[in-house]
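Next up: a single chain in structure tokens, the form predicted on its own.
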């Protein structure tokens, strides 16, 4: 049997110690790189479907990475899960409707970043209550005993604004309507308009923007409907950011959004894509938190979140 000398054994152990130290140093370097190059996740509220949301906002997310030199990743989130997942720390930035912004502002300290511009009202929109022109319905009071279809429960201009309009006109949706409903599944705003057009309901809660877009696309005709009431204009979809995100990072994102033009592109799914066109957005505008106060008042009167017990 060949004997191993103490000197060679000592050297081999030193080699193992050196290798271990090298591995630990490499792991520490990787962790340090992760800390210096974090991934900032943006939670995008699903409007219709997850694939549609990614197709719309994937290029915008890629643009923010290219423009700022930071790493951004898109996360799709259902409306009803948004608050919980944000509070669990799944994402630091948010893209939501204006009601979700108000909820997260009040309950979680979300900060306002920028609001998207789209359609005739820019960074704002309105809620309307409409009926078929041949229905004989001309006022909100005429809706007592009638059937009405709302948009999604959390939609500022598809539910909250219209619920408030009815209450202020002396029509209690819970008592005075024969029936009201919210369409199930995706594409709820379109289902609202088609449900009214084809006679399933007597009236509908329609966002002014959807009326504008669907008319422009030839899906409906403006002459088919009469507008019974329209709310004041309130902020539309909005970017927010968690209160703990570094202010330098926030400033970079705000600047990048402000500098977007119709010609701005980003690499997405193997091609250069026009960012605003993909997102169905005309641009971004900085609003004040006080611009959301009319929506807050609507939500309070309707006892909607975050004022359920107001």
Partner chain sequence: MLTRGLFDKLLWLALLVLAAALVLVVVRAAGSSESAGSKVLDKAMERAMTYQSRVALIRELYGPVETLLQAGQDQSALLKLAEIEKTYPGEAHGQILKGSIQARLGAIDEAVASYATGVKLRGDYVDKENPLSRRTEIGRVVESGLQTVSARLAANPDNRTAQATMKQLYYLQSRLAGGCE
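Worth saying up front: this structure is predicted, and the values here are computed from it rather than measured. Positions refer to the first chain, counted from 1.
The protein also exists as the form predicted in complex with the partner chain; that form is not presented, and the subsequent description refers to it.
- In plain terms, the part of the chain that comes close to the partner chain in the model of the complex, with a heavy atom within 4.5 Å, is 120-128 out of 157-165, 181-189, 120-128, 197-205.
- This chain lacks the partner; the member of 176, 142, 212, 83 within 4.5 angstroms of the partner chain in the model of the complex by a non-hydrogen atom is 212.
- With the partner omitted here, the residue from 254, 277, 41, 67 that has a non-hydrogen atom within 4.5 angstroms of the partner chain in the model of the complex is 254.
- Taken together, the three residues 218, 226 and 288 all come within 4.5 Å of the partner chain in the model of the complex, as judged by their closest heavy atom.
- Interface membership of residue 230, defined by any non-hydrogen atom within 4.5 Å of the partner chain in the model of the complex, is confirmed.
- The shortest heavy atom separation between residue 258 and the partner chain in the model of the complex is within 4.5 Å.
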